[in-house]
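Just one chain is shown here, as structure tokens, and it is the form predicted alone.
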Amino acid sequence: MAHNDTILIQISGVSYRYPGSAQPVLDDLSLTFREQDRLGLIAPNGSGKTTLFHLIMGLIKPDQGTIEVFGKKVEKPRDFIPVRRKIGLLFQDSDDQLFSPTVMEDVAFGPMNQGKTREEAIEISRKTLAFLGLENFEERITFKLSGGEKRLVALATILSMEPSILLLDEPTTGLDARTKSRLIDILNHLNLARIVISHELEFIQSVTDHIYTMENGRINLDEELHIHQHHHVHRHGKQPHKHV
């Protein structure tokens, strides 16, 4: 990782335990996240990955430690207003993200919330939907979409806000192979810092530069995972084959 990049998120000694739980889900976790970073996190369920995203967005409050975003310490609810305008969080479940009757209303909601006029918001939303290959989705009824379509529309609601950072929580949920490969292409055309949580090794390798795991409530930054596909030719066979 280049060390002359601007630090976007600085997390220092953060701990968090869910109410009623004896064990902290995050325990003295620290992370420095820079402008050019594309980080992947692979870890079992319950290891605190989603909790980390929710802390960065101010949806929950750490029991101890500090979080700085864009060089400012964030603690109070109002501190997170600018954070939510510049960081796009893709929730694990698209139904938590989509709440308007039509796709266009959902995608235009963010830009309008940022102070854009209705016309500007619609223009941005059309461009965003076109970028994602969803040109004919404007009047579609959100709750009638397939799981994969909802995933892409949820991504559109984030991208329409023109964020500086993407936090993607299991973005491939409900996607078929074709849509997954489209998503890889989309993400790699976006020059945006990102943290991606995924259990899909091939996907996370395609859209991030560094992959880490989490255990005991911390990110193992000194143990980067190197996941590679193994291509070779056997002497006794003519056909090369893959080991994944």
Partner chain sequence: MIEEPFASGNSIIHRIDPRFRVAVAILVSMEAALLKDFRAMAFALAGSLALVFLARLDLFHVLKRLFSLVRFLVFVWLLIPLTYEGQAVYLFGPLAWSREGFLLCAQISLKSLAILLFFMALVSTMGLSTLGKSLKALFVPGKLVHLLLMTYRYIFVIGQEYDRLETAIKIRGFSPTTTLHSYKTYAYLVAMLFVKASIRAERVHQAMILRGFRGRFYSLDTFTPSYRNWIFFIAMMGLFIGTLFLERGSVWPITIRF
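Numbering follows the first chain given and starts at 1. Since we're looking at a predicted model, the values are computed, not measured.
Heads up, the form predicted together with its partner chain isn't pictured, but that's what we're talking about next.
S.K.: Consider the chain as shown here, without its partner, and state which of 74, 122, 129, 166 has a heavy atom within 4.5 Å of its partner chain in the predicted bound form.
M.R.: For this set of options, the contacting one is 122.
S.K.: Which residue, 175, 193, 57, 204, has a heavy atom that falls within 4.5 Å of its partner chain in the predicted bound form?
M.R.: It is 57.
S.K.: Taking heavy atoms and a 4.5 Å cut-off, does residue 96 contact its partner chain in the predicted bound form?
M.R.: Heavy-atom contact with its partner chain at 4.5 Å: present for residue 96.
S.K.: With the partner left out of view, is residue 134 within 4.5 angstroms of its partner chain in the predicted bound form by any non-hydrogen atom?
M.R.: Residue 134: no, not in contact with its partner chain in the predicted bound form.
S.K.: So in the predicted bound form, is its partner chain close enough to residue 118 to count as touching (4.5 Å, heavy atoms)?
M.R.: Residue-level check for residue 118: yes, a contact with its partner chain.
S.K.: Can residue 110 be called a contact residue for its partner chain in the predicted bound form at 4.5 Å between heavy atoms?
M.R.: Because a heavy atom of residue 110 falls inside 4.5 Å of its partner chain in the predicted bound form, the answer is yes.
S.K.: Across 26-51, which residues bring a heavy atom to within 4.5 Å of its partner chain in the predicted bound form?
M.R.: Counting only heavy atoms within 4.5 Å of its partner chain in the predicted bound form, no residue of 26-51 makes contact.
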